[in-house]
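We begin with a single chain expressed as structure tokens, specifically the form predicted alone.
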């Protein structure tokens, strides 16, 4: 199998397998969460939970207070850079938009390539900085296990290989195939690791805010 054959396999059968596992795993995890039993609400309802749920979602986009930011300024800042950068690259890089158009039948404007390049470098540096901080911080190092480092690797590789493929590092068909393969690895492990918080954070924050609002508590 040469580089071109490898690329065709990665873009064909491997991508179909990864997509099937991703959809199945995501559906199964969400169904599992939504089917959990809920305790009956015995407190007097003070506010509609729907509004309180959405209020909590938007409030938690930013640090709760100044003290929280001062204690964890580095982690919060690097975390914002990484998360925003990752989704900007995923959704606003023109080649990615063209890929999504093949599936959804519509597209949207993208950012200029130099801007995406700068954001990619910032995202990579933020990920590296977070890893170093995790390994040097005594508490974070103690709490970190295999899954934490594995998740970091499968998140870091698509960004790195995508940057290398676009700038034609080494052999372009090989780098493009490795980039797609790293994305497929991310898709496969996504529903079964902590990466699932990409979807569950919305549900958990809405539920927490909804229950608190019914009791007259702001969170």
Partner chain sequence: MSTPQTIYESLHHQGFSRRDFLKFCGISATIMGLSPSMIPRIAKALENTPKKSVIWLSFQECTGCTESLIRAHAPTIEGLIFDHISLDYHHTLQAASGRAAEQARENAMKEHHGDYLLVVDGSIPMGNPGYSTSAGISSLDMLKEVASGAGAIIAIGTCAAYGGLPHAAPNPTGAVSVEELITNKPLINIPGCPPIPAVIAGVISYIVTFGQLPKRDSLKRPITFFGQNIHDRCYRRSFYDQGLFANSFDDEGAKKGWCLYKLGCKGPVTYNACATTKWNENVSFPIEAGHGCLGCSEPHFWDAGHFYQALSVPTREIVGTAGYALAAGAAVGVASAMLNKKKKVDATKNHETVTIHDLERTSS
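Positions refer to the first chain, counted from 1. From a predicted model like this one, the values you see are computed outputs, not experimental measurements.
What comes next is about the form predicted in complex with the partner chain, which is not displayed.
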>> Is residue 124 near the partner chain? Define near as a heavy atom within 4.5 Å, in the model of the complex.
In response: no
> Might residue 87 be said to contact the partner chain in the model of the complex, defining contact as any heavy atom within 4.5 Å?
Replying inline: no
>> Although the partner isn't part of this model, could you tell me whether residue 163 comes within 4.5 Å of the partner chain in the model of the complex, counting any heavy atom of the residue?
In response: no
>> Is residue 94 part of the interface with the partner chain in the model of the complex - any heavy atom within 4.5 Å?
In response: yes
> What residues of 159 to 183, in sequence order, lie within 4.5 Å of the partner chain in the model of the complex by heavy atom?
Replying inline: 166, 168, 171, 172, 173, 176
